[in-house]
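Single chain ahead, written as C-alpha cells, the form predicted alone.
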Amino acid sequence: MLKHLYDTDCVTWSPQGKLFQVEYAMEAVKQGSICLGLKSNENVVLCSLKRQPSELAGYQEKQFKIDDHMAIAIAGLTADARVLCKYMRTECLEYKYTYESHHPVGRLVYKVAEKSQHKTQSGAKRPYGVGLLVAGIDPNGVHLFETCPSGNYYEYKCQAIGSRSQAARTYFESWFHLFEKSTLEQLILHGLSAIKKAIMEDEELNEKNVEVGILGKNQKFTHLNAQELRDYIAKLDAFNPNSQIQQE
C-alpha cells in the first residue's frame, strides 16, 4: 500500500529515493521480447525475437530503419517506440537538408535520451516504456547504443535487452573479444546463437519469429530475407566459436 502513495506521477519521490513510474517503465522494457546487437570494426548486427499476440495475428515488427546509416531494435511498448522512431527520422531528415550529410549517431542518441528524460520531469507526463538499441555508422566509426526510459544511454560492443536477455548477455561475455575482427557472417551467427540461448526450451527459431538487420561501412541498413534466415539458422548447429579462435 505504501508504494501506491508515491506512484501516481513520475515527479514524486518515495522515502527510499525511488521514482516508481520510471521503474515501471524500466520493467516494461524487461518484459518485452528480447532484442540484441553486436558490432565489429566494419559491421553491426541487430537480432530480435518477434512475437504474435494470438494465432490470428501477424508477428510484431521489432526493428525500424531510421536512415541508411542507422536503425533501431526495440523492447517494450511498440507504440512508444513508433513515437521515438518518427522523432529520430525527422531529426535525420532535417540534419540532411541543413548540412547535406548523415546525422552523427551519438548526437542523435543524446537527443533521444534528453527527450526521454524530459518525460520524467512533469507530473502530467509519463516515461516512455521502451528501450532502444541504436545501430549506426558515421565518420567516427561503428556504433551500438542503448537508451533507457530514465534518460540514460550507453555505448556497447554488444548488448541484449528484453525478456530472458541475461542468457544472451552471458553468451556475449564469453565471446565478445572475438567480435571486433569477426566477419559479417560470424556476427550474424553469434547473434542468432545468443538469441537461441535466450528462448524457451519449447520454442524453435525460424524465419518467421526472428528478425536480423545488418549495417556495414559499405552497406546500407537492410534485413535478411526469409531464405537467408533459413540458411543461417541451419548453420547454427555446426557453428563453433572456438574455430574462430583457431583461425586467428
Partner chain sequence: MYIPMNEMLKHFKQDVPTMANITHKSEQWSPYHDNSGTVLAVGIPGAVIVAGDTRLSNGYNIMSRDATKLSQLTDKCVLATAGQYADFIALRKFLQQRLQLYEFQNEVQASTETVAHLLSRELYSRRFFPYYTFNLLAGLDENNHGFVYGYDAIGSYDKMTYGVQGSGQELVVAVLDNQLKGYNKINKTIPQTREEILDIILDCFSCAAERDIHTGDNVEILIITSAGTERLIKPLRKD
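Since the structure is predicted, the reported quantities are computational estimates derived from the model, not experimental observations. Numbering follows the first chain given and starts at 1.
We do not show the form predicted in complex with the partner chain, though everything after this point is about it.
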query: Selected contact from Lys96, Lys157, Lys125, Arg164, since only one has a non-hydrogen atom within 4.5 angstroms of the partner chain in the predicted bound form; finding: Lys96
query: Listed residue (Arg169, Arg82, Lys115, Arg89) with a non-hydrogen atom within 4.5 angstroms of the partner chain in the predicted bound form; finding: Arg89
query: Per-stretch contact check against the partner chain in the predicted bound form, the hit in 35-43, 65-73, 52-60, 176-184 (non-hydrogen atom, 4.5 angstroms); finding: 65-73
